[in-house]
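So this first bit is one chain, no partners, the form predicted alone, shown in structure tokens.
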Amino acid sequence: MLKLQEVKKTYRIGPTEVDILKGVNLHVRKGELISIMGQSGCGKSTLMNIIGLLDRPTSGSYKLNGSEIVYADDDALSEIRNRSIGFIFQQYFLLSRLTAVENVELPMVYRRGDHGGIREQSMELLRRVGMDGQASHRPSELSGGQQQRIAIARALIGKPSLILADEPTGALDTTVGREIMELFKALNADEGITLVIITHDPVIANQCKRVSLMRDGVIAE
């Protein structure tokens, strides 16, 4: 599914170079439910951005679905990201002017080719996450847990091969966070969706089938 070898990321702050990732090695197989756990500042968000093709490593190699990622073509990277990766963030990032179903449809708007049946696909995903009854609601009319369910449905549209979730329960109370984790586990078990969850919370991390601990810019499994 994805394989990182000796991935490093260095930022320059004025005259100083700061090493954020110091040689990350990670192999995630198709259908895995894995957490990457670490405290703030350990590099896990930077790692997620690289896995999600939102940032580029300073050095090292990254293979996704068996193909080496080449960073020379921004359009190609955008195409891979749109077709292969779904994102779930702590703050949901739903567009306030759109309804729930329109937010779910949004990633398909940027795809090329025929997208017949988008509304049907979106409604089916809303049903899958228990939100079909709120399809016409806007984010301001939904609770935090409901908004996160909409964000999960949006991440699933177009059937990406990989879902990245960055602190997906961080803005939710314990009960709702537990419900979201149960939904993740069901999606993984029932549909074989590959999920990588970035978290600082050991309670969340330990609900995944595999836990990778990140510390000081490297992963120790």
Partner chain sequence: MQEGLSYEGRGDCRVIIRANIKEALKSLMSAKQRTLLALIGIVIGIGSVIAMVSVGHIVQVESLRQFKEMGTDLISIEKDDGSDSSSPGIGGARATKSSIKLADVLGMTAGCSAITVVAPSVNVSGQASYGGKNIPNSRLMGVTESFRDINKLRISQGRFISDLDAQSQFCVIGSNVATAIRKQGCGNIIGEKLKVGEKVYTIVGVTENVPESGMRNFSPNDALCVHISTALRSSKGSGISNIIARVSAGTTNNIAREQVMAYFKSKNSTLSLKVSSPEEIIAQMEKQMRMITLLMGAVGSISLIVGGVGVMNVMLVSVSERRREIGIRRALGAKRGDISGQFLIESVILSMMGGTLGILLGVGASYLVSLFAHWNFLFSFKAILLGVGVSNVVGIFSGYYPARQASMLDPIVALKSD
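Residue numbers count along the first chain shown, from 1. So that the term is clear: the rigid core is the largest set of C-alpha atoms that superpose within 1.5 Å between two forms. All figures in this text were calculated on a predicted structure; none of them were measured in a lab.
One more form of this protein should be noted, the form predicted in complex with the partner chain, which is absent from this view; the next part is about it.
* **Within 4.5 Å of the partner chain in the model of the complex, all of Asp75, Arg81 and Leu94 (non-hydrogen atom)** => Contact check passed for all of Asp75, Arg81 and Leu94.
* Asked: Which of these residues, Glu179, Asp55, Asp173, Glu191, gets a heavy atom within 4.5 Å of the partner chain in the model of the complex?
  -> Looking at the other structure, the residue within range turns out to be Asp55.
* Asked: With the partner left out of view, is Lys30 within 4.5 angstroms of the partner chain in the model of the complex by any non-hydrogen atom?
  -> Yes, contact at 4.5 Å.
* Asked: Closest heavy atom of Asn65 to the partner chain in the model of the complex, within 4.5 Å or not?
  -> Yes, contact at 4.5 Å.
* Asked: Does any heavy atom of Ser59 come within 4.5 Å of a heavy atom of the partner chain in the model of the complex?
  -> Because no heavy atom of Ser59 falls inside 4.5 Å of the partner chain in the model of the complex, the answer is no.
* Closest heavy atom of Gly144 to the partner chain in the model of the complex, within 4.5 Å or not? -> No - in the model of the complex, heavy atoms of Gly144 and the partner chain never come within 4.5 Å of each other.
* To do: Look at Ala153 and decide if its Cα position differs by 2 Å or more between this form and the one not shown after superposing on the rigid core.
  => Comparing forms between this form and the one not shown, the Ala153 CA shifts at least 2 Å.
* **Yes/no, Tyr92 Cα shift of 2 Å or more between this form and the one not shown with rigid core fixed** => Comparing the forms between this form and the one not shown, which are aligned on their rigid core, Tyr92 does shift its C-alpha by 2 Å or more.
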